[in-house]
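The chain below stands alone and is given as structure tokens, in the form predicted alone.
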Amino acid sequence: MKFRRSTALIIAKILVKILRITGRGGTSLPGKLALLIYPALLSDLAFNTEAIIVTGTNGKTTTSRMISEILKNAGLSFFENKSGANLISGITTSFIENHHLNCQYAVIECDEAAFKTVSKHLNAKYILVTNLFRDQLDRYGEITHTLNNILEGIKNCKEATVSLNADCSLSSSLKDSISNHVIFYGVDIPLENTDETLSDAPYCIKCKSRYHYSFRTYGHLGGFYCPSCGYKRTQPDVSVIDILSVGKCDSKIVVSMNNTTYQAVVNLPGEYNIYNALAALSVGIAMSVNEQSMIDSLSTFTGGFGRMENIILNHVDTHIILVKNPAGLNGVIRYLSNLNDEMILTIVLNDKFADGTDVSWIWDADFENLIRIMDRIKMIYVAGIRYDDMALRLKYAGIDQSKIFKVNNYNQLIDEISDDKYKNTASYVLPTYTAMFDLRLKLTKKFKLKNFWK
């Protein structure tokens, strides 16, 4: 066994170095190969490390970055799977790379479908469930299937403290099926531009009656209650009680924790990042981290690659924002609608396995809302494997066809959106998961950006 373990480690580390030199990342393949050689490797490496597992549909990477900033400012030792490779192979690679550091904690972003398996191998002390939205039906199945996967994963970690989104009727229902200590987080007020048309959970998970709402934030999130059986939102332990401002680059909020209020700056814009901030704070509360230190951390953390990532392409101020399901995309459209800048918009749609091979979800996203800001949008570029499907969706949304430009080549796309004619124009690039990696790899080489795994 020791020989197989050592062999797995050595081969994986060599493979990581080779893949990094060639610019391919080496985030998943080394772990996958190591587990084939020695299946117990992840369990062995994780034995003495306390895992903080972040799972759910949206916000995993950004919330993990926020938690890492909280731990850093608290002086705690940790490592993280920063690359976002969140299946068991990528998580194993992260432990292989960092096990020699002897850190107390590991901040682990985990795919919601993989969580029930990964949780068997990690020494989980804290589990955070961000939210549950309909996503990649071809891979995850219906949303209740994902909920059951997460429930199974939590039951593998009976000693872990669990953080749940009080505003999500799906994820908050987990409390009734687990014995773990639970901390709730949520937003106590409605958010601007609330979209009540899209709901992934309109009916009570307990009795199937239609929910009523005292307020809405977005999607099915908010102050839900069932008039038939009484199931309702739990008052959160950490919450936003006021929003002072929402800007292009950040949000200023008032947070309530343990009967104390704090003004906080969330160093990324968008209402979904307010939820991510609350989620990270809930983990800090569970860990008894100093509250003011946690609040300060929200203003100093940096987002992950492709998550509101701001880069300069030649002289063009460019923002890369990952999109992968209707709820997330609608949030981005609302964010863009609140800006006053002239802009170009690029949507890159792929249908590889990691994106979801079924792209019909784009018909559930509210592209029609772009019409309200078309006077500020100079051009919409569509690219990726399914660029024709995206162009068709925009046509049916009523978008001016003269402003839609189809590109089937990433190099041409990069030349277009980094052209000097846009140097005084904000550029927003909305790629799906594999499109983000493909495009960013080319951007990294051309503009010498930081590699995604750093």
Partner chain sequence: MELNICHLYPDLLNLYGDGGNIIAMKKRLEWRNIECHIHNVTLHDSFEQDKYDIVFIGGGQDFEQEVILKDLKGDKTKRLKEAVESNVCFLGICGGYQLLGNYYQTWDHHQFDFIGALDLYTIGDKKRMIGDFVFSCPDILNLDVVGFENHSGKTFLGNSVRPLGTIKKGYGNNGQDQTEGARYKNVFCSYSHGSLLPKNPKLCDVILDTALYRKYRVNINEALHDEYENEANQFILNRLL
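Worth saying up front: this structure is predicted, and the values here are computed from it rather than measured. Residue numbers count along the first chain shown, from 1.
Below: the form predicted in complex with its partner chain, not depicted.
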Name the single residue among Asp341, Asp188, Glu152, Asp364 that comes within 4.5 Å of its partner chain in the predicted complex, judging by heavy atoms. Asp364
Contact residue in the predicted complex, from Ala354, Ile373, Ile285, Ile205 (heavy atom within 4.5 Å of its partner chain): Ile205
Looking in the predicted complex, any heavy atom of Lys125 within 4.5 Å of its partner chain? no
Even though the partner isn't displayed, in the predicted complex is Lys395 close enough to its partner chain, meaning a heavy atom within 4.5 Å? yes
Touches its partner chain in the predicted complex: Glu50 (any heavy atom, 4.5 Å): no
Please determine whether Glu368 contacts its partner chain in the predicted complex, using a 4.5 Å cut-off between heavy atoms. yes
Pick from 89-97, 104-112, 379-387, 286-294: which stretch has non-hydrogen atoms within 4.5 Å of its partner chain in the predicted complex? 379-387
Of 142-174, which residues get within 4.5 Å of its partner chain in the predicted complex if you count heavy atoms? Glu142, Ile143, Thr144
